[in-house]
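Next up is one chain by itself, shown in structure tokens, the form predicted alone.
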């Protein structure tokens, strides 16, 4: 068969745009630029929007129609270009361009030691040599200032470029900020969700966080609009879920995992931390007493197909470290080592996800050409 533009047009008349009943030729989607060089055919399909959901499927359908109608010897695959009537939307401005990874620390319910884990995890990361920051996003129950022995700290403003920005408090090699620095620690915050969300945005966007390898967010417990505000404001790398072995805590942890992996939020769960995994008396460091149940965190991690990053025991020194503002992760001890191991495993999982995401993006770019 002698290849010419009419044959290609005839073939493309067999390709219908889904839901319209019309073919892509009569819809004016074929640009008048059909090029034929021996058996090689190339042309462009014009779409209304750059994010047309049928773009890839229509290209494949057009290739198949041409091969079926005009002959299998035609070189068409990969030669169909796309154009759009609407220009692509500009990429959103990255709010924290100096931050490499944003990690949320979350829990399905309160009382599981989420803030304690956040505090010791970020300190452990700092001791491993990473540049780190921690935002106390638990607007209604800020506890980070006390856990860092910084309740009396007063963040100040500094002009950076054209903007006046809040400078975070620095303690133990960690940049920290909390609503607790700006309110009376004896007063309860009685704010509606919108007010809390706006305050949280300000603690993110009006602060000079600088260059960070890891920026941790100590999230409120449960599932709320605060979580929605955060994922809509920041490009969150992933979340770490904290739970205890108790069945009631595990049930809420499942809900938390489900929320973050839902289509509406769609944030990867990096892994799970089982806090209060067992009780170890200071005088009997080899003994383990499973007060809240045994292996619940490991079980749910297996069920939900997420890594178990660590199991943290109930040790008196962890509680004392939080109350005194001197996290145990600062010390060369059994508990300090547990948090350093947790930090190492979290970093490994983040690096694996970042590498896989980079490979996926390269493949998508290649496939789109």
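Positions refer to the first chain, counted from 1. A quick note: this is a predicted structure, and the numbers were derived from the prediction, not measured.
The same protein also exists as the form predicted in complex with adenosine-5'-diphosphate; that form is not shown, yet it is the one meant from here on.
- Remark: residue 111 counts among the residues lining adenosine-5'-diphosphate in the predicted complex, judged by a heavy atom distance of 4.5 Å or less.
- The closest non-hydrogen atom of residue 312 lies within 4.5 Å of adenosine-5'-diphosphate in the predicted complex.
- adenosine-5'-diphosphate in the predicted complex comes within 4.5 Å of no heavy atom belonging to residue 125.
- At the 4.5 Å threshold, heavy atoms of residue 116 reach adenosine-5'-diphosphate in the predicted complex.
- Looking at 172-180, 76-84, 103-111, 282-290, the stretch with residues near adenosine-5'-diphosphate in the predicted complex, meaning non-hydrogen atoms within 4.5 angstroms, turns out to be 103-111.
- The contact residue chosen from 121, 241, 135, 147 relative to adenosine-5'-diphosphate in the predicted complex is 147, the criterion being a non-hydrogen atom within 4.5 angstroms.
- Interface residue among 273, 249, 216, 276, judged by heavy atoms within 4.5 Å of adenosine-5'-diphosphate in the predicted complex: 276.
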